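Next comes just one chain, in structure tokens: the form predicted on its own.
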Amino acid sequence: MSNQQNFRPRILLVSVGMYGQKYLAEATRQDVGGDVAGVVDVAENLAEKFPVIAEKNIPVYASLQSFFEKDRADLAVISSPIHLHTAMVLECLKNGAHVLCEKPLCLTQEETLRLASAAKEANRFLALGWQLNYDRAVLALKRDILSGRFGRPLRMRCVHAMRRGRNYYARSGWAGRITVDGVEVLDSPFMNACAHHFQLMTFLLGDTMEKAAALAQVTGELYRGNPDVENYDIAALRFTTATGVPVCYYTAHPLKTKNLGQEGLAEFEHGTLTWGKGKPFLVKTDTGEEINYGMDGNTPLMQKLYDAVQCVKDGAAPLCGAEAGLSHLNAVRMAQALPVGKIDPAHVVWIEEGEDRFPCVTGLEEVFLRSAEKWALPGEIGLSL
């Protein structure tokens, strides 16, 4: 074997307490093509929570600086809170590491471009953790869209909502917040937990494999159903891309159903794309042909880690870089500028389940499904919450 084939990148895992524990589990349970050099996390007694850290003799550091003073990494995987991403990305790049950062990267277009530029100057890649951008079905579908196989895109929509309650918002100091200590976080279902399928739509509409479609304008209805949340937690949004394609998205947390969607539909000149939970990405063309690209989930959730490690070895870069997340970021900023309506407390029912408590806005599921069917905002078809 060549030295390149034998090369095993050293992987630094930054913040493993929440989503980052998925990276820790994958990198210690499977051979991901590289080795964990260390973990950076401020939590005390981390090895007690994750015994594999002690079992694998993985050193734990309280800061990036303390790690880089003693060691080096070829790839840093960052899963810290959003408002910490920028400083951490820059520190890792400065110390020679490629970066895989969980989504979203940051909160402004200027900051995104700054980080992309810093990666370029360091001759390192900056990849984002939008896992659907690594899905082999999605990539095959996008290649066919770009080839013009289905003609011009006409419109897209998706319903993607997940119930979240007291425990979800209590897990961190930034959940559901607009700012933390004067720093923006803009946390909402559209920003965070239910962002993937909106970003997927913009990614599919991007004019290259690396880019997502630019957005020109938005109309929408935002509401706060959970009175304990600072930001909105219900959103019905209709964006228009720079090329004139309407993109509708319906997402929320205070609903009775644990998961509403995902249910996606895209119309092209010569075909219709559907996808959803437990369903394949399927295109039916106007000639009667059916093209099944496979299901979301056929590609492993952590494929992004394997791809990043392989790119370190190959001297390449994952397709999902900073430009892939720009449209979602701009959409978040555009939506945040909309007014937030109040839900009548009489329309909110609280339910207990296990050791959790959930606010549920009465009739929210029906409002979303009827609105999506009409490609409309609720108020446009006489529905209200």
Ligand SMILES: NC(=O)c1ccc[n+]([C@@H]2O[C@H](COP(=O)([O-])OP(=O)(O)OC[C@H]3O[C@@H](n4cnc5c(N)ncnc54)[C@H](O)[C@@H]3O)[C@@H](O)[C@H]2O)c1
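What you see is a predicted model, and the numbers here were worked out from it, not measured in a lab. Quick note: we count residues from 1 along the sequence shown, nothing fancier.
One more form of this protein should be noted, the form predicted in complex with the named molecule, which is absent from this view; the next part is about it.
**Student:** Answer with one of V183, A242, L84, L113: the residue that has a non-hydrogen atom within 4.5 Å of the named molecule in the predicted bound form.
**Tutor:** Selected residue: L84.
**Student:** Please pick, from N226, S79, N231, Q262, the one residue with any non-hydrogen atom lying within 4.5 angstroms of the named molecule in the predicted bound form.
**Tutor:** Among N226, S79, N231, Q262, a heavy atom within 4.5 Å of the named molecule in the predicted bound form occurs only for S79.
**Student:** Can H196 be called a contact residue for the named molecule in the predicted bound form at 4.5 Å between heavy atoms?
**Tutor:** Contact with the named molecule, yes.
**Student:** Tell me, yes or no, whether S371 is in contact with the named molecule in the predicted bound form, where a contact means a heavy atom of each within 4.5 Å.
**Tutor:** Judged by the heavy-atom cut-off of 4.5 Å, S371 is well away from the named molecule in the predicted bound form.
**Student:** How about D296 - does it come within 4.5 Å of the named molecule in the predicted bound form, if we only consider non-hydrogen atoms?
**Tutor:** Result no; D296 lies far from the named molecule in the predicted bound form.
**Student:** Under a 4.5 Å heavy atom criterion, is H253 part of the interface with the named molecule in the predicted bound form?
**Tutor:** The answer is no: H253 has no heavy atom within 4.5 Å of the named molecule.
**Student:** From the candidate stretches 95-103, 135-143, 202-210, 275-283, select the single one in contact with the named molecule in the predicted bound form, where contact means a heavy atom within 4.5 Å.
**Tutor:** The contacting stretch here is 95-103.
**Student:** Though the partner is not shown here, which residues of 137-173 have a heavy atom within 4.5 Å of the named molecule in the predicted bound form?
**Tutor:** Sequence-ordered list: R171, S172.
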